[in-house]
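First come two forms of one protein chain, each written alone as structure tokens, so that there is a structure 1 and a structure 2.
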Structure 1
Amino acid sequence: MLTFGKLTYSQDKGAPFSPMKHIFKIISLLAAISAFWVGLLQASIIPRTHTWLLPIYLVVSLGCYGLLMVGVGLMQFPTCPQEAVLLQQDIAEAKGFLKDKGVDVGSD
């Protein structure tokens, strides 16, 4: 609870990103889509041989989305070259210090 003098501000009971509400939205969306698909099947608009077309399409698009996110993350990954140089200096300094103290610093 934050207090500014006489005013007190307390956090609301409902958090903005409740973990359960998001999955209810996803489940209801999936249920709506599958109800639509089953309706299309039952009304014989789509032949029964193509029953599994929609679930397979959803799985393939989910896989493509995951691959896309991985690719985009790879492209945007920051490498921080200055920090890399500083880190190498720290490593060399630590190795020298430990070698003086007699500790085996491993591969070189």
Structure 2
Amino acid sequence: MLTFGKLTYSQDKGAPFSPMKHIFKIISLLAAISAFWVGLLQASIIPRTHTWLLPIYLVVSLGCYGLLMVGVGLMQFPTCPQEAVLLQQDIAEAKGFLKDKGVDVGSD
């Protein structure tokens, strides 16, 4: 069993999360999108010139979605004032230690 943070990966058959199940979901989603795209090509519902551009639109849309999720994540990123104070104390302690050893750490 592998544990990364709150995620646990297990080889057990009864595990709630299985990486293989996730892979099959992705593959089935890609197959469904491909079938839909080929269907549009065959049916000529949308002009052929527009249908050939659909994969490019999909990739651009997914890129925009990814950027949006990164932006939302950055806006909701928690600030930790207690940790900032502890970090500043650690920095001051390290600077003092290095000064005692004769290392120039720059101006304060």
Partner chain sequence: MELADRAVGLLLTLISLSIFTYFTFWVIIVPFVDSDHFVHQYFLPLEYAIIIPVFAGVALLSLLSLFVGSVMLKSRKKNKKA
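Keep in mind the model is a prediction, meaning the values are calculated, not measured. Just so we're on the same page, rigid core means the largest C-alpha set that superposes within 1.5 Å between forms. Each residue is numbered by where it sits in the sequence of structure 1, with counting from 1.
*Could you point me to the form predicted on its own, 1 or 2?*
Pick structure 2; the other is not the form predicted on its own.
*Rigid core superposition, Gly71 Cα moves 2 angstroms or more between the two structures*: Where the cores coincide, Gly71 shows only a C-alpha shift between the two structures that is less than 2 Å.
*2 Å or more on the CA of Ala43 between the two structures, with the rigid core superposed, yes or no?*
It does shift by 2 Å or more.
_Per-residue Cα shift, Glu93, between the two structures [Å; core superposed]_ = Rounded to one decimal, the shift is 4.2 Å.
_Following rigid core superposition, Cα shift of Trp52 between the two structures in Å_ = Comparing between the two structures after core fitting, Trp52 shifts 2.7 Å at its C-alpha.
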